[in-house]
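Here we start with a single chain on its own, the form predicted on its own, put down as structure tokens.
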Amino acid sequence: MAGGAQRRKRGRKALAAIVFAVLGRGLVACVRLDERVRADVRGWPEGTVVTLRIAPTGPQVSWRSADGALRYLGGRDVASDLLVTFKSVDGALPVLLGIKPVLRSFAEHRAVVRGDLTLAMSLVRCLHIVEGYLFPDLMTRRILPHPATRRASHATAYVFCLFRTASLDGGTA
């Protein structure tokens, strides 16, 4: 039984890593596509590193705002100015898969924030918009009380997910 439980946990962590990779690139895509996300990220201090992580040794995703661009750093370990940590993979997956809203996870103490709360709220606003681009409409209506209006199609957002960097001035980096 213990072996099966370990395999399931490894599977959940692998699924979380995939979602983090899509979400990581999705935020960069939304900087390219959506002026609201671009304006929010432009307000981050130069050199800011933001990380979403699953404790204790789960996957993570990071971004750096520097030199007028947002860069997707992937899952490598970096020193972060803002660290949002989900307490477990079981607490993270409902949020990452669009079953629960991110704000609810904070209310249920499934995640903790280390760093500037203003920056954390900016990240939550950005992720709210990113979810609107990445998730099907049926999911966004269920998890987002007021889904953000998309400025581009789902397909365009997925194409832009191929890029790892986006300029904060509206052009390409």
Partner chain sequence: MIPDYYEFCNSAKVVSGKGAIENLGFELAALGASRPLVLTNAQLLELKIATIVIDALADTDAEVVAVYDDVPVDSSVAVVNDVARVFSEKGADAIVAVGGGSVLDTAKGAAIVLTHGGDLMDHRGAESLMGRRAVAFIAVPTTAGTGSEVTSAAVIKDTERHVKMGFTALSLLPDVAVLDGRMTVKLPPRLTASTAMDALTHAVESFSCVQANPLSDCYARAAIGLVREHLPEVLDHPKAHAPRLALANAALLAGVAFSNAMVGIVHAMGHAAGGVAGVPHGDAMAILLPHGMVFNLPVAGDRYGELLLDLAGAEVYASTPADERAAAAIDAVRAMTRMLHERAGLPLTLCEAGVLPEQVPDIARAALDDGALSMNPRQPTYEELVEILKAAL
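Being a predicted model, the structure only gives us computed values, none of them experimental. Residue numbers count along the first chain shown, from 1.
The protein also exists as the form predicted in complex with the partner chain; that form is not presented, and the subsequent description refers to it.
Using a 4.5 angstroms limit between non-hydrogen atoms, Leu117 touches the partner chain in the predicted bound form. Within 4.5 Å of some heavy atom of the partner chain in the predicted bound form lies at least one heavy atom of Phe106. Looking at Arg36, you'd find every heavy atom of it more than 4.5 angstroms from the partner chain in the predicted bound form. Contact check for Arg71: no non-hydrogen atom falls within 4.5 Å of the partner chain in the predicted bound form. In summary, the region of this chain contacting the partner chain in the predicted bound form, judged by heavy atoms within 4.5 Å and restricted to 60-68, 26-34, 46-54, 117-125, corresponds to 117-125.
Annotation: in the predicted bound form, residues Lys87, Arg110 and Val113 each come within 4.5 Å of the partner chain through at least one heavy atom.
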